[in-house]
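Shown here is one chain on its own, the form predicted alone, set out as structure tokens.
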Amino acid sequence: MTQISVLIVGIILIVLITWWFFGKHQVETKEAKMEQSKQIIDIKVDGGYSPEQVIVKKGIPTELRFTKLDNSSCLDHVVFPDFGINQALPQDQTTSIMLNTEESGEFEWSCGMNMFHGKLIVK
């Protein structure tokens, strides 16, 4: 009986791990809003990034405002490799990052440990 229980738990764990890493997850996408001649978007940092995908218009100054609510050290920094940005995110505070959106394309960001990701889409 114990062997069957271990087998069932093992199969369930394999299915969950496969789903976690390879499953198609729904991604929250949000478009930036205009305020005083710049695009602004608020991103909540709590167990990941929400929204995870941001759409902005090309050629308009863009401000991403990260509010860190999660107390894990993994999310202490946000890294934009394409823009050369590695910004600390203090706990329970909002940190603004200004980005140059003169080029269209898709630019990823991640946490300091490269475990959580987000995407900036410039159109």
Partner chain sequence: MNLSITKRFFISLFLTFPLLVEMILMPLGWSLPGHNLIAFLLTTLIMLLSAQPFWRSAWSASKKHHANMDTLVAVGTATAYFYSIYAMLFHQPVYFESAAVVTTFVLLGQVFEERMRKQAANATEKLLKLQAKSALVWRAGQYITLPLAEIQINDQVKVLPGEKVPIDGVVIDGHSSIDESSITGESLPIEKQVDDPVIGATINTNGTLIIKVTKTQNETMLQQIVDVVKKAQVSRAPIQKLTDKVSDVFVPIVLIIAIITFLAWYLALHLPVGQSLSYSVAVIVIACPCALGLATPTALMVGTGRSAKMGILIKNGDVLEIAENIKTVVFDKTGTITQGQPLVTDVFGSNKNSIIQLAASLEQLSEHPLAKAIFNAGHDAKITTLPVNNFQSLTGIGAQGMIQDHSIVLGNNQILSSDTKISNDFIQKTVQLEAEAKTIVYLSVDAVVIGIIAIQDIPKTSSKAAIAMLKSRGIKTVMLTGDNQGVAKNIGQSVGIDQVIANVLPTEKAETIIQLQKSGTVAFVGDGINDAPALTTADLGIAMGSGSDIAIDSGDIVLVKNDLQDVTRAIEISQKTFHKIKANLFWAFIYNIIGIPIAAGVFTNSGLTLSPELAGLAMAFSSISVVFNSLLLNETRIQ
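Numbering follows the first chain given and starts at 1. Being a predicted model, the structure only gives us computed values, none of them experimental. What we label the rigid core is the largest C-alpha set whose atoms superpose within 1.5 Å from one form to the other.
This protein has a second form, the form predicted in complex with the partner chain, left out of what is shown; the following refers to that one.
- Interface residue remark: residue 85 is counted as part of the site for the partner chain in the model of the complex, having a heavy atom within 4.5 Å.
- Not displayed here, the partner chain is kept clear of residue 94 by more than 4.5 Å at the level of heavy atoms in the model of the complex.
- Using a 4.5 angstroms threshold between heavy atoms, residue 46 counts as touching the partner chain in the model of the complex.
- Using a 4.5 Å cutoff between non-hydrogen atoms, residue 81 counts as a contact of the partner chain in the model of the complex.
- Taken together, the three residues 31, 89 and 104 lack any non-hydrogen atom within 4.5 angstroms of the partner chain in the model of the complex.
- Heavy atoms within 4.5 Å of the partner chain in the model of the complex map, among the stretches 68-76, 94-102, 53-61, 34-42, onto 68-76 alone.
- For the stretch 101-123, the set of residues having any non-hydrogen atom within 4.5 angstroms of the partner chain in the model of the complex comprises 110, 113, 114, 115, 116, 117, in sequence order.
- Relative to the superposed rigid core, the position of the CA of residue 113 differs between this form and the one not shown by less than 2 Å.
- With the core held fixed, residue 104 shows a CA shift below 2 Å between this form and the one not shown.
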